[in-house]
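One chain is shown next in structure tokens, namely the form predicted on its own.
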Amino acid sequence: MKFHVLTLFPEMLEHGLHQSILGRAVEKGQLSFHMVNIRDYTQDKHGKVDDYPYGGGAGMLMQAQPVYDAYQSVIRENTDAAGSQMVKKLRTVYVTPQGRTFTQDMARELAREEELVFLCGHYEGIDERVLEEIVTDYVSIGDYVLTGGELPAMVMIDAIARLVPGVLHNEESAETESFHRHLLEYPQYSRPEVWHGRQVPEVLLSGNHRQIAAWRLEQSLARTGERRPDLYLQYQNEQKLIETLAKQKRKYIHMMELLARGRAHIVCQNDRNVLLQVEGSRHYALYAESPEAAELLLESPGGVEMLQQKQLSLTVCQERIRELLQRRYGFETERVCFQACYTRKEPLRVPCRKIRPLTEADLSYVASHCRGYEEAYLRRRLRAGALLGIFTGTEGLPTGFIGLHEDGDMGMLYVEREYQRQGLAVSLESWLINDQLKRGEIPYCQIAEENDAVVGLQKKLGLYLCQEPMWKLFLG
């Protein structure tokens, strides 16, 4: 992932961002920091980048021209082979107390970008005209004022960068720390067992992983209730929703797991009816007990905001609600699916164990067999280590693969024709199921209605198939 920072003090960021974990990630090529000194782009012979504001007032204001030209220097770096400027506008974050408050959810969303631009202000701010021209996100780290935007930019970059796959040594640590699932992290202990008369809790020395996990959850709940009652209320609300959805587990396993894995947030809610958004995406899921309840959700501020977006997908599991969404809101049916979930706790046998995560080097191979997916999406899944390849040929190339989608379901299963009917699909999905069981998740998949072969595979592996269809709707 590449970060561009427009600043008056590049040395400050260079020193801070090339240390410790982030510094090692830069050395490995997982992160890249590009500091752009705004002062290098001023047309003033004395190097001035500020001036008095029109209308009077205290302080000075950063001028539009040097900021804009500094930004354009970044854009010029992003050209195609023919020298044409990139079509997609880089997401540009202006660090300001007037912006949305930065959160862990926002960090996850921004970590999905391949490049980000941060604009650091100074003095009394920046000329509004250039902000309107280049800024996509106005973000604050809190309700207080600092001397410049460099420190807040470093805070946000650190939070975002550590979510980039491969930056942290422990792949699970980013998902088990503070704020995951609205719970604060449990107490942690290291050697010695006794320090200043204080003993490490016995359960942590027991070696019983189930008891340790239960103790940690108990401690997280207690700590969150005491220190962050606001987060604790959110957690309790989501648990109640999961209990409601569990009454029709096979039908709503996708929403249960999105909430349980901390991969979605509640857009709007009315009693037990809820609209979820998959973190950092335009994928939504709706649970409503009637068309009238669904309509109330979509007419709420959160629902209206969703409907104003372009190119969003919405998953629903009731025929009458699907009809309402198509008739009133203009949704179109993208595909019809049936859900299957693995509810047992025992891991499956994996006949072939020559399985490992694929990397970006395998992008062309994966893309050639996943024609229904955008290359940018496949690249994100590869970076996340969410695509597994199986290697049974003599050339050292994958002979098939399977993946975990951003919204949590298993999919993208492919096996080379000459290697079919040899148990490769069974091995791939069994491996992926076992990996999810280790994390305490319930594996599930969504099968297109006409895909009888995949339905047969799920039954063979012991997944339970929901007999009622679900609809993937699209709004352009």
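Note that residue numbering follows the sequence shown and begins at 1. Keep in mind that what you see is a predicted model, and the values were worked out from it rather than measured.
The protein also exists as the form predicted in complex with adenine (ADE); that form is not presented, and the subsequent description refers to it.
- Of the candidate stretches 233 to 241, 262 to 270, 312 to 320, 93 to 101, only 93 to 101 has residues with heavy atoms within 4.5 Å of adenine (ADE) in the model of the complex.
- Shown without its partner, this chain lists Thr392, Ser73, Ser140, Gln219 as candidates; in the model of the complex, only Ser140 has a non-hydrogen atom within 4.5 angstroms of adenine (ADE).
- The contact residue chosen from Val194, Leu146, Ala246, Val336 relative to adenine (ADE) in the model of the complex is Leu146, the criterion being a non-hydrogen atom within 4.5 angstroms.
- At a distance threshold of 4.5 angstroms between non-hydrogen atoms, Gly400 is out of contact with adenine (ADE) in the model of the complex.
- Not displayed here, adenine (ADE) is kept clear of Gly303 by more than 4.5 Å at the level of heavy atoms in the model of the complex.
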